[in-house]
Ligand SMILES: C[S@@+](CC[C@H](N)C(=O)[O-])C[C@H]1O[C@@H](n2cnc3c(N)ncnc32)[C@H](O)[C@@H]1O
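Only one chain is shown below, in structure tokens, and it's the form predicted alone.
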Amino acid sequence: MGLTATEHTPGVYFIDDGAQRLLATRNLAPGRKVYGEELITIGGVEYRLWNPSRSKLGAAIMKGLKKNPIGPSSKVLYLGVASGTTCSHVSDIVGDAGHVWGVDFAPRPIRDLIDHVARYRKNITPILGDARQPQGYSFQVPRVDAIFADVAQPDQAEIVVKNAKLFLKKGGYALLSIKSRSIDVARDPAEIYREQVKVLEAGGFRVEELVELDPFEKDHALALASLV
């Protein structure tokens, strides 16, 4: 049986070889890899396999996330972009008509993002900045359709609320990767997830989904919330 590609949600695909189903995105920069992922061509289209063990968004999709608000032409603010593993797949999804503003406070990952990812993907704008101080990059980022946050800080949900007030369109979405061990290593992760959900709700969000990411990411969950 040959390989088949089926669109799961706009811009996100499953590659099926008859034995297993693999997550993928259509490569916006054909021939180029970002983190050693496999490239597969089907019907003249090149796809990049998306490793869910290296991506919170990929893990959430594999764990059954019902709605992915990031689609073709979306404008996305990515907090905690690091060197661009997941961001590169978001870049694939939003395509040339969309854009990703990627924020990180560490110079080395931002440099890697510029040199190895954004150089070949014109829909990514790397920003060296502190997600806790969004006013510091407010002149660079317009209103966006979605915020994706992957920050290893105790005040993860508060960071999303702060950025949403400045950048997120009404009715837009936030995707928060909740890292329970970054908040408290001794407490039950489920309790921490509930607390972070309450912070989002107090900040004007309606939490629509909460997906635990085990076994891809231990003690992590992803919250999908809309700004009401």
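Residue numbers here begin at 1 and follow the sequence given. Since we're looking at a predicted model, the values are computed, not measured.
Another form, the form predicted in complex with this ligand, is not on view; read the next lines as being about it.
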For the chain seen here without its partner, which of 53-61, 199-207, 184-192, 37-45 has a heavy atom within 4.5 Å of this ligand in the predicted bound form?
-> 53-61
Contact between Asp130 and this ligand in the predicted bound form at 4.5 Å, heavy atoms?
-> yes
Does this ligand get within 4.5 angstroms of any non-hydrogen atom of Val117 in the predicted bound form?
-> no
Is Ala106 close to this ligand in the predicted bound form, meaning a heavy atom pair under 4.5 Å apart or at it?
-> yes
is_contact(Pro126, this ligand) in the predicted bound form, heavy atom dist at most 4.5 Å | no
Heavy atom within 4.5 Å of this ligand in the predicted bound form: which of Leu113, Ala146, Val151, Val90 fits that? Just give me the one.
-> Val151
